[in-house]
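Here's a solo chain for you in structure tokens, the form predicted alone.
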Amino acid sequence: MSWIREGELNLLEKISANILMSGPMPKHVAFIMDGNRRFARKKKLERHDGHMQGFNKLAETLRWCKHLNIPEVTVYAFSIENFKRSKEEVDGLLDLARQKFERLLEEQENLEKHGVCIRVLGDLNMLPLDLQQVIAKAVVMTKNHNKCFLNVCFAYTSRYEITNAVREMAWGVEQGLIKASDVSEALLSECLYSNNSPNPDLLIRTSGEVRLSDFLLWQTSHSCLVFQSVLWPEYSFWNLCEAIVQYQLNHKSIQKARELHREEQALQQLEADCACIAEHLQHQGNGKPADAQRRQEALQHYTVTREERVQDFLQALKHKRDTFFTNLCSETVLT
């Protein structure tokens, strides 16, 4: 089954979509696609068939998002916690992923036509090497596409992602790329797997569960969260419309919260820069206070040099991550 579904909305769906799009629309929607196993039990199917139906629903949902002009989608495909399931189920999920990513490689022309960029977020080192390689090829093959983005969270949990971001900043300090005083909330955000994406506007979880299950905890602090009782393989266009209406009803409060957070971040950074400058000037002046003009000039200079350090570090981090995927593709060629 193809990742990219062709086909138009029916008349009623088109009318509804046009009405929805007259209001504020989410640009990035995240899905916790829950309920595949319960769907299989309900329909007396094997678990594998439930997961297969779940993938088919993802492909259909991506088509709906395309027609609704939602350019970015993030999905929780495989949690690190899923490794604790039975070996049979884990192997089945990994085999399904292998099949679907191999199919993705066969759809290069279609992906290029629609400008789909595939990103995989998580610790790929936890996966079998052959699966790492096929994922890497899909990521590298589509990295320059920029019309729409699909982020697949695989071997992922949010706490692991945040911990890894802290490790990346520690690496930057060890390498002399940044100083310990450069570490901030904003910099941590730039070190997450999702650093190339804006935070989700809307997060949807199906199956009636009302928890995030360690998914995008950092990124969804100012997102609209919608919990729906429908099982994921039974998800419909109307369920998606309902969630978007919830986003629209809460749009103003979400935007206000985001703006306040940006202002708070900027103030925290200014205070941190001022503290560094005060300490530096006090040391230079043997404890004597500097005049206002000197403090202002020193602050401007420090801010510029800090931003340059941070950008150099982020470029080095990007190069390290890009090299990881490129090397995996090279191993594919060699093997």
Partner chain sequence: MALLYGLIWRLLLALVRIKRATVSWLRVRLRTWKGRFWQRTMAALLLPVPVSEFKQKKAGADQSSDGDRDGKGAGSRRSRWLSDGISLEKLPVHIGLVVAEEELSYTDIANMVVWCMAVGVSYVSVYDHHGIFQKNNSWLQEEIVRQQHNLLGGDDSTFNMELLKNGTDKPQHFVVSCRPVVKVLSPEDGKHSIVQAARKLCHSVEKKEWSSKDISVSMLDVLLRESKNIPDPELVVKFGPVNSTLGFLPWHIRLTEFVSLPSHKNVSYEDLFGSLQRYSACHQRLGQ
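Predicted model, so just to flag it, every value in this text is computed and none were measured. Numbering follows the first chain given and starts at 1.
We do not show the form predicted together with the partner chain, though everything after this point is about it.
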Is it true that D34, S184 and S253, all three, sit within 4.5 Å of the partner chain in the predicted complex, judged by heavy atoms?
yes
Is Q296 close enough to touch the partner chain in the predicted complex, meaning at least one heavy atom pair within 4.5 Å?
no
Partner contact for Q133 in the predicted complex: the partner chain, 4.5 angstroms, heavy atom:
no
Report yes if any heavy atom of L188 sits within 4.5 Å of a heavy atom of the partner chain in the predicted complex; otherwise report no.
yes
Answer yes if any heavy atom of S213 is within 4.5 Å of a heavy atom of the partner chain in the predicted complex; otherwise answer no.
yes
Contact with the partner chain in the predicted complex, heavy atom within 4.5 Å, among C117, I162, V140, L96 goes to I162
So the partner chain isn't shown here. In the predicted complex, which residue out of N327, S22, N10, Q315 has a non-hydrogen atom within 4.5 Å of it?
S22
In the predicted complex, segment of 205-213, 105-113, 144-152, 231-239 with a heavy atom within 4.5 Å of the partner chain
205-213
Sequence order please: the residues of 146-178 with a heavy atom within 4.5 Å of the partner chain in the predicted complex.
R159, Y160, I162, T163, V166, R167, M169, A170, W171, V173, E174
